[in-house]
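Take a look at this single chain in structure tokens; it is the form predicted on its own.
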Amino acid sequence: MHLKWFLLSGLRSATTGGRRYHLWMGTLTLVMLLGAYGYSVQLRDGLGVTGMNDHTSWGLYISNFTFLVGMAAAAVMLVLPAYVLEDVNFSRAVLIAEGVAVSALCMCLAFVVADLGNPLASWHLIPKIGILNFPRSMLAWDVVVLNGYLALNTIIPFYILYSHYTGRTPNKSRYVPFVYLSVFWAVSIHLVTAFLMAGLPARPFWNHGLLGPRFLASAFTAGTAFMILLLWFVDSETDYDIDAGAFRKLAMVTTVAAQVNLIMLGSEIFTEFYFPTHHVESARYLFFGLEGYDALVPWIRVALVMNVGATVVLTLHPLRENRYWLLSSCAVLFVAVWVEKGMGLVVPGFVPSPLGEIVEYSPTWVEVVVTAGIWAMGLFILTVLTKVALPIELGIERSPLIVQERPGQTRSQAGGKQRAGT
């Protein structure tokens, strides 16, 4: 019976709110409907309506997939100190981080389905039903780790929230082992994605040993930057207070990760251009253009300027301590890494082709609206998860089946005292 009331409480929390909340959810729903229309066109006419072709078989969909895998992995930067190291600064922020991981993974899977063209082909990715070629295939590893990480980040917060809702203290022996597993799993999901690309010898732009570590550095840069922006919004717009220490520590993590990411990027640029060979043509196309083709040059140069500028601001302690500069730098870093790790990494790997042909890629309106729809879906999921979790963590929502009220005491007051006791 507790589960029934828990689900009804979650539904009530997700469907009630002020004018701004309904306007936000309505806007996301509209964008999702536009994305669904674009996807229906793709289903009807095939992948020919996209900008992808025989030369560039990965485009905007896989670019976003690569970026969002890092977003999901970045949740470990709050999970590790909150659950494993028992850092109280992160105790009220960790569930929100796991919500980010769940929404990011849902978007990842949606982008994979969109890139398949025909969703019926996805049955090949189901273990025991399709032919995964596990463990030889890196794609099979990717399927396993993504779905496994999604399950872990769903089960752990569900158990904690359900325990709080029913007035019980979560039993650490039941969820901490899964937390340890999720920490290692978080690293693996992004490394496997990097290995999926680095293991292609015909694509020298990806075929180097630094790709995996740089994937992690950029993930912790953009992921923690997004966490800071989200936690600031929750802290300022709701009654759920986030410890100031969490912002300071996350800002430091973002700064160090951004610095490491730039060092690795500089190392790659040095390796590519200090003694250029035939294999440097993809890098030359990206940064300088090749034989008159330079569609990605403005993108990567703007991303580099944004990356360096935001990292410099965060490196300066007085600016990092200033809330305005911190939030602005995090927003800039998020966009810069999205460009650098998406269009600046996936697409140039295909230009020129192994035969030396140069065919540029440009996303069509179908890809743009489908991408926008998937992002709207992810933000919709994140909003619902946050809206459901906050009343429970604040003690406002409690199961009516537990005895927790004394004469003259309101339900929300009783819930607050119960939450404080846990």
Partner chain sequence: MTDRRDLTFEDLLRNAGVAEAQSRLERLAPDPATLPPSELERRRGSAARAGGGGGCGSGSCGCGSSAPSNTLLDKPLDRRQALGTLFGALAVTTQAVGACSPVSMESDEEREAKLLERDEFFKGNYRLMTPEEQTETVRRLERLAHLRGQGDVQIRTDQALEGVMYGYAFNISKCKGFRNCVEACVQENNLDRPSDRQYIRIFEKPDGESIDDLEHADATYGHEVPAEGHYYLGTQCFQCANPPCVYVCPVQATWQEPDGIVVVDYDWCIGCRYCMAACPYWARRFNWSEPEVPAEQLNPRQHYLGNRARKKGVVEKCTFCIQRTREGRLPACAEACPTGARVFGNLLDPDSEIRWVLEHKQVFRLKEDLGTEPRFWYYMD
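Positions refer to the first chain, counted from 1. Predicted model, so just to flag it, every value in this text is computed and none were measured.
The same protein also exists as the form predicted in complex with its partner chain; that form is not shown, yet it is the one meant from here on.
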### Message
Going by heavy atom distances of 4.5 angstroms or less, which of H278, H317, R323, K172 would be at the interface with its partner chain in the predicted bound form?
### Response
H278
### Message
Give me the residue from I300, I156, L132, L150 that has a heavy atom within 4.5 Å of its partner chain in the predicted bound form.
### Response
L132
### Message
Taking a heavy atom within 4.5 Å as contact, would all three of H2, Y83 and V176 count as contacting its partner chain in the predicted bound form?
### Response
no
#### Entry: its partner chain contact at G48 in the predicted bound form, heavy atom, 4.5 Å
yes
### Message
With a cut-off of 4.5 Å between heavy atoms, is S163 one of the residues that contacts its partner chain in the predicted bound form?
### Response
no
### F350 within 4.5 Å of its partner chain in the predicted bound form, heavy atoms
yes
### Query
Though only this chain appears here, would L43 touch its partner chain in the predicted bound form if you measure heavy atom gaps against 4.5 Å?
yes
### Message
Looking at heavy atoms inside 4.5 Å, which stretch does its partner chain contact in the predicted bound form, given the options 300 to 308, 336 to 344, 233 to 241, 136 to 144?
### Response
136 to 144
### Query
in the predicted bound form, which residues of 290 to 319 put a heavy atom within 4.5 Å of its partner chain?
E291
